[in-house]
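Next up: a single chain in structure tokens, the form predicted alone.
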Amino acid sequence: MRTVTLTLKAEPPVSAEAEQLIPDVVAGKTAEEVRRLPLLVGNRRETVGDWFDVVVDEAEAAAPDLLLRGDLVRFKRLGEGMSRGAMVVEGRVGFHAGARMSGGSLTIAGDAGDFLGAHMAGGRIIVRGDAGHYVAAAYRGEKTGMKGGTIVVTGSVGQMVGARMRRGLVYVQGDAGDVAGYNMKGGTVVVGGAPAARVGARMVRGTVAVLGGEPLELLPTFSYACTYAPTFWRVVHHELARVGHAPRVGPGVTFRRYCGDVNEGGRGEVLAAQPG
């Protein structure tokens, strides 16, 4: 197995478009070929070698296909469109990380910017820090966001996590900003802490599960339905445990179920975990 390691030489003065930095592109390339890959830094066309030291070597089976080292907060679109392989970033990343992924795994050992996993269709993203607004969401003007895969954020996230998502699983171990699950059409968003106001606004379908309990600041277009132990939660709990991030509440936890948004048909649900 070969690992491509990129170590940042210096932080660029402006944002850089780095969609070329995915396992799909670097696989099979020599160090010199990787150095020649293009980067758009501001409005200037530069290369990977201008900003990174590049090493390609044989690695043990557990090593990633692509390893990036440094504070990459000014590098946008890292992991965008990747379909295979394993990518690890040892530092912060900018906007759009893992956007439009369809396979593989992206691990970020730091904070992530806005639009993490936007329009994701498959694969797995693990963020060992906080993430910005619009995690798993749709870009402006688009009707559907995340369509598959799993995203885990071990910290907190900003506004509109899961906005317009269709399928997939998002687990935020910390808190979430306003309007979590906005206009969801399917899929599951799990918030380990507490969400802010207007959870599930304009939900069509899907589930927002809040493990931090109540009180929830729900819109009047949601109504209490029942208290129960949903079978699907066992499946979700098993999947999160499988990727090494089992929720703090067990698979048999009881939830209070609220249905809404009635303005969109009332087929979505917000679940609030109950103590005990």
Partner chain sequence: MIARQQVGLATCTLGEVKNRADLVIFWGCNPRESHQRHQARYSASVKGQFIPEGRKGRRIVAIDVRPTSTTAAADQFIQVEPGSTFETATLLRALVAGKRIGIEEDAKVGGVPLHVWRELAEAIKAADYGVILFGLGVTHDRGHDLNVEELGALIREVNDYTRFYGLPMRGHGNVTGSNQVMGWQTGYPIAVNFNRGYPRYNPGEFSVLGLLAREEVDAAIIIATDPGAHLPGDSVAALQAIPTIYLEPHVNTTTGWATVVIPVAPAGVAAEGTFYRMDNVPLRVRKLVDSPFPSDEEVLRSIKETILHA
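All values reported here derive from a predicted model rather than from experimental measurement. Numbering follows the first chain given and starts at 1.
Unshown form predicted together with the partner chain; subsequent notes refer to it.
*Counting non-hydrogen atoms within 4.5 angstroms of the partner chain in the predicted complex, say which of S223, T30, T227, T231 makes the cut.*
Filtering the options by heavy-atom distance leaves S223.
*Identify which of A121, A196, V204, A109 has a heavy atom within 4.5 Å of the partner chain in the predicted complex; exactly one of them does.*
Filtering the options by heavy-atom distance leaves A196.
*Quick one: which of 157-165, 186-194, 83-91, 122-130 gets within 4.5 Å of the partner chain in the predicted complex, going by heavy atoms?*
That would be 157-165.
*Can all three of K9, G213 and E269 be found with a heavy atom no more than 4.5 Å from the partner chain in the predicted complex?*
No, the whole trio is out of contact, none within 4.5 Å by any heavy atom.
*the partner chain contact at S15 in the predicted complex, heavy atom, 4.5 Å*: Judged by the heavy-atom cut-off of 4.5 Å, S15 is in contact with the partner chain in the predicted complex.
*Counting only non-hydrogen atoms and a 4.5 angstroms cut-off, does E264 reach the partner chain in the predicted complex?*
E264: contacts the partner chain in the predicted complex.
*Hey, in the predicted complex, is V179 touching the partner chain, heavy atoms inside 4.5 Å?*
Yes, contact at 4.5 Å.
*Though only this chain appears here, would L240 touch the partner chain in the predicted complex if you measure heavy atom gaps against 4.5 Å?*
No.
*Scan 88-103 and note down the residues that get a heavy atom within 4.5 Å of the partner chain in the predicted complex; none is a fine answer too.*
F95, H96, in sequence order.
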